[in-house]
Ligand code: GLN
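Just one chain is shown here, as structure tokens, and it is the form predicted alone.
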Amino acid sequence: MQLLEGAGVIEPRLNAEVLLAHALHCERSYFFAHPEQELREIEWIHYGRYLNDRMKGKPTQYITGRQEFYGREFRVTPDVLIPRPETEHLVEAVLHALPQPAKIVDVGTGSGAIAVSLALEAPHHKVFAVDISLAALKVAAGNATALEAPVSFAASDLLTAVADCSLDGVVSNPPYVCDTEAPTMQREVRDWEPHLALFAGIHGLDIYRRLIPEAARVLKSGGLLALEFGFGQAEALTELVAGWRDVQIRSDLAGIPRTLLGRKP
């Protein structure tokens, strides 16, 4: 723990415990229940390597290859953004706004966390997912298979490869970080997570400017657009959906505006 604390790692004890459990191939509760157990040499070697990686800034999720989202465990690699708890609000918003059977596409699916969660929470929906990254699609498809989620995947730059113009919902947690924010970001994010999934121009709005018109093309009348966005972007994003109806901005548990919902007129 002291090594991680000295390296500036946030929550060093928790990180040390998670990495130790990973080295022992057990749950954290196991070594609390067996404090007398000594590590074998191979376990010390693995644990030392994990600690060294974490001290260099590599996120714990990329070391363990796991991240929980919406009560399920997803595999994550440096090819995909690590799913955040705030994004669960986006899933909840879509489930509430589309109670009836619907055709939904998740744009920029990454690990597949949103698409898989929607497919499993609402089996009556037909869920598609697209991403420009083939490496990300491989991770997402693996998660769908492991969790037995009926999601169809395709490679696409946003919605350019989607020909269906009668979708009920478009959902996305796209890149929305301003390029200028890079120097002030946590090293775990800036140096390890895929920049393709993070940055979106000087104001962080480049992807929204492309995605919103494309969503209007593929959604049927009254179709739902659900987007996650970053701190301070609510007003600018609302302007980009001028003309859409029933536009709502919803906040996360910290009271920070996080999700936009709108209906195609």
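Since the structure is predicted, the reported quantities are computational estimates derived from the model, not experimental observations. The first residue of the shown sequence is 1; numbering continues from there.
What comes next is about the form predicted in complex with this ligand, which does not appear here.
Engineer: Quick one: of Leu237, Ala197, Leu225, Leu51, which gets a non-hydrogen atom within 4.5 angstroms of this ligand in the predicted bound form?
Structural biologist: Answer to the contact question: Ala197.
Engineer: Taking 4.5 Å between heavy atoms as the contact cutoff, choose which of Leu81, Leu167, Ala149, Ala93 touches this ligand in the predicted bound form.
Structural biologist: Checking each option against this ligand in the predicted bound form, the one that comes within 4.5 Å is Leu81.
Engineer: I'd like to know if Tyr176 sits close to this ligand in the predicted bound form, meaning any non-hydrogen atom pair within 4.5 angstroms.
Structural biologist: Because a heavy atom of Tyr176 falls inside 4.5 Å of this ligand in the predicted bound form, the answer is yes.
Engineer: Contact with this ligand in the predicted bound form for Val189, defined as at least one heavy atom pair within 4.5 Å: yes or no?
Structural biologist: Yes, contact at 4.5 Å.
Engineer: Please run the contact check for Glu88 against this ligand in the predicted bound form: heavy atoms, 4.5 angstroms, yes or no?
Structural biologist: The answer is no: Glu88 has no heavy atom within 4.5 Å of this ligand.
Engineer: Picking from 52-60, 66-74, 214-222, 197-205, which part of the chain touches this ligand in the predicted bound form when contact means heavy atoms within 4.5 Å?
Structural biologist: Residues of 197-205 come within 4.5 Å of the partner.
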